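Take a look at this single chain in structure tokens; it is the form predicted alone.
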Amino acid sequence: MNKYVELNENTVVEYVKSKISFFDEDAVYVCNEIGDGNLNLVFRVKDTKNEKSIIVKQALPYVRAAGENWPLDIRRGEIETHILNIEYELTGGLVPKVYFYDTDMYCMAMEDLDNYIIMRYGLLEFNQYPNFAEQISDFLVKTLLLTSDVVMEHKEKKENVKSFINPQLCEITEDLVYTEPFHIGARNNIEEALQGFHKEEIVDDEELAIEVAKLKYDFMNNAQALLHGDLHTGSIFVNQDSTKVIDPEFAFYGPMAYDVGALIANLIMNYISTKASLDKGELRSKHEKFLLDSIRDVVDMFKAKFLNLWDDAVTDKMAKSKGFKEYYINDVLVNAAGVAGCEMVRRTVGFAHVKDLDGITDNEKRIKAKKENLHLAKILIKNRTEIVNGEEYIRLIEKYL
């Protein structure tokens, strides 16, 4: 790391100019640090005269949200760059284009999605995105199925598994999603009014613990496909026409269910947030309908497109056996429901929360919403073998929320 220096708003412009001929000679620069995630520095460098901009993302040698006492492999940006290039090719541009990666500064520059909004923020403003389900299901099918053993030459796929080993980021998931939220203490962040409920409904439920342990060890041992690894509404940019997925630094070869389930969980939590934040009326009804339709459509479109692409893309002879593709996709969807439940628990009582729930300003409504979220999460984990289509999610949401 001899050449590594943390960038800031005063130094990043000259750095970009030294690395890429992107801006015009008469550019008038404005630079802002815009990162609101847990890990990295993120800058927008803009030429206000010619209306051109670029995003610069630099890895820090520690978890930004926790400070230097939580060190982290600074080379994770190299994996992220490689993943974005792969996903760009597989999906026809459903991720931002990468311009360069600097191995000395652990820094990348990429397309600025300035005419998009982070989906979580858009949903919290009760906006709807008509093309989202169609496009995100495309992303899921193409990035997951096409990087799996049933499609890839097996030795090539195993070499990819080696290339994308990501132990420190996987450990964060293993701890923060599958372990700590189901116990007391550690790095959990629990409102006092929830502590008793958490202990009784989550920590003391031995049946739940067994099911979460099964999901954890599937995550740790099932090198099924190349995952995004952190796919939620905060890692998706949207507008009325298009969807772009960002931040795949948690990527590794793992179970397909993880990406699908994490996304579904975050849509459910926005539904819970909407129900708690808005009085009954046209806006609430419209947004709830969009969210339910999106949950149903993401699951069902993913399943239908997966099965359709299977016939054209699969190369493994045994995978072409009659009935195997249906078994395969149902197994993915069963565990996706379990993952969704784990994500909902960890975003309520674990280290990293979501604004959907924490942003509910009325204390009584917020606690009630979080309890509902935990209760539905348990149902999804413990009854996941029954959840293999979108309609089953809607039935459970309408029954328990």
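Remember, predicted model here, so these are calculated numbers, not experimental data. Residue numbers run from 1 along the displayed sequence. In this text, rigid core is short for the largest set of C-alphas that superpose within 1.5 Å between two forms.
We do not show the form predicted in complex with a further copy of the same chain, though everything after this point is about it.
Out of the listed residues R187, R75, H183, K289, H183 is the one that sits within 4.5 Å of a further copy of the same chain in the model of the complex by at least one heavy atom. K157 is the sole member of K157, K142, R120, K244 with a non-hydrogen atom lying within 4.5 angstroms of a further copy of the same chain in the model of the complex.
Although the partner is absent here, Y99 is not a contact residue: none of its heavy atoms lies within 4.5 angstroms of a further copy of the same chain in the model of the complex. At the 4.5 Å threshold, heavy atoms of A193 stay clear of a further copy of the same chain in the model of the complex, well away from it. In the model of the complex, none of the heavy atoms of K303 sits within 4.5 Å of a heavy atom of a further copy of the same chain. Among residues of the shown chain, K322 is one whose heavy atoms approach a further copy of the same chain to within 4.5 Å in the model of the complex. Between 211 to 219, 293 to 301, 75 to 83, 110 to 118, the stretch whose residues reach within 4.5 angstroms of a further copy of the same chain in the model of the complex through a non-hydrogen atom is 211 to 219. The candidate spot formed by V150, E171 and K317 is fully in contact with a further copy of the same chain in the model of the complex: every one of the three has a heavy atom within 4.5 Å. Residues in 331 to 365 all lack a heavy atom within 4.5 Å of a further copy of the same chain in the model of the complex.
With the core superposed, D316 shows a C-alpha displacement below 2 Å between this form and the one not shown. Once both forms are fitted on their rigid core, the CA atom of D73 lies 2 Å or more apart between this form and the one not shown.
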